[in-house]
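One chain is shown next in structure tokens, namely the form predicted on its own.
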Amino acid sequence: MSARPAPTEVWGWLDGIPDPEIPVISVVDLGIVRDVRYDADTLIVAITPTYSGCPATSVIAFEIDKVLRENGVDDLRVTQQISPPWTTDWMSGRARNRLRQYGIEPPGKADGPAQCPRCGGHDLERVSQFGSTPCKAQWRCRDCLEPFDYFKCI
């Protein structure tokens, strides 16, 4: 590539990468892309895992590398930034809306979801502290009787 892309352009490319565990939100909307910058001629993209040992982190790093190379960036490095630790507060409003539309209640209160993402009901019960992935818990709505995942607050 003759001209290096501006960081804002890179952010746009990264926003097109879906989270491997929740494909309706991007890694940017999830808030794990922490920084896009240059160190001399090397493009550095820093990501923060949602939790220590998250198996999706290596897949995300691979996808970032792939997308950047497809866009002509050859001199790059994807790094992990573990401090400060990721928090659900870093999720965008767009991510929260897309989660709810997908049937996953976005994080809200530390003690559980405020409503059912399917019917909006408030009579809820936790079925299991562990859902389809370690960052989610399994809940059920007593109003519509449907199970749903709740993205845990971290």
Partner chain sequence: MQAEAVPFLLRMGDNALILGHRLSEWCGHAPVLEEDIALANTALDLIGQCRMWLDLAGEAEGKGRNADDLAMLRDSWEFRNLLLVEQPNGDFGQTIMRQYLFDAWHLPMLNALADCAQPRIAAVAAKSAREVAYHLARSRSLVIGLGDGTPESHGRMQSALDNLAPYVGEMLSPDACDIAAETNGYGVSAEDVARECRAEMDMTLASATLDMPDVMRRAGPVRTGGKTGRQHSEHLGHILSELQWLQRAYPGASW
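Since we're looking at a predicted model, the values are computed, not measured. Positions refer to the first chain, counted from 1.
Although not depicted, the form predicted together with its partner chain is the subject of the following passage.
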Within 4.5 Å of its partner chain in the predicted bound form, counting heavy atoms only, one of 116 to 124, 99 to 107, 65 to 73, 50 to 58 shows up; tell me which. 50 to 58
Quick one: is residue 11 in contact with its partner chain in the predicted bound form, heavy atoms, 4.5 Å cut-off? no
Report whether the minimum heavy atom distance between residue 92 and its partner chain in the predicted bound form is within 4.5 Å. no
Is residue 137 close enough to its partner chain in the predicted bound form to count, meaning some heavy atom within 4.5 Å? yes
Contact with its partner chain in the predicted bound form for residue 87, defined as at least one heavy atom pair within 4.5 Å: yes or no? yes
Residues of 125 to 150 having any heavy atom within 4.5 Å of its partner chain in the predicted bound form, listed in sequence order: 127, 128, 129, 130, 131, 133, 134, 137, 138
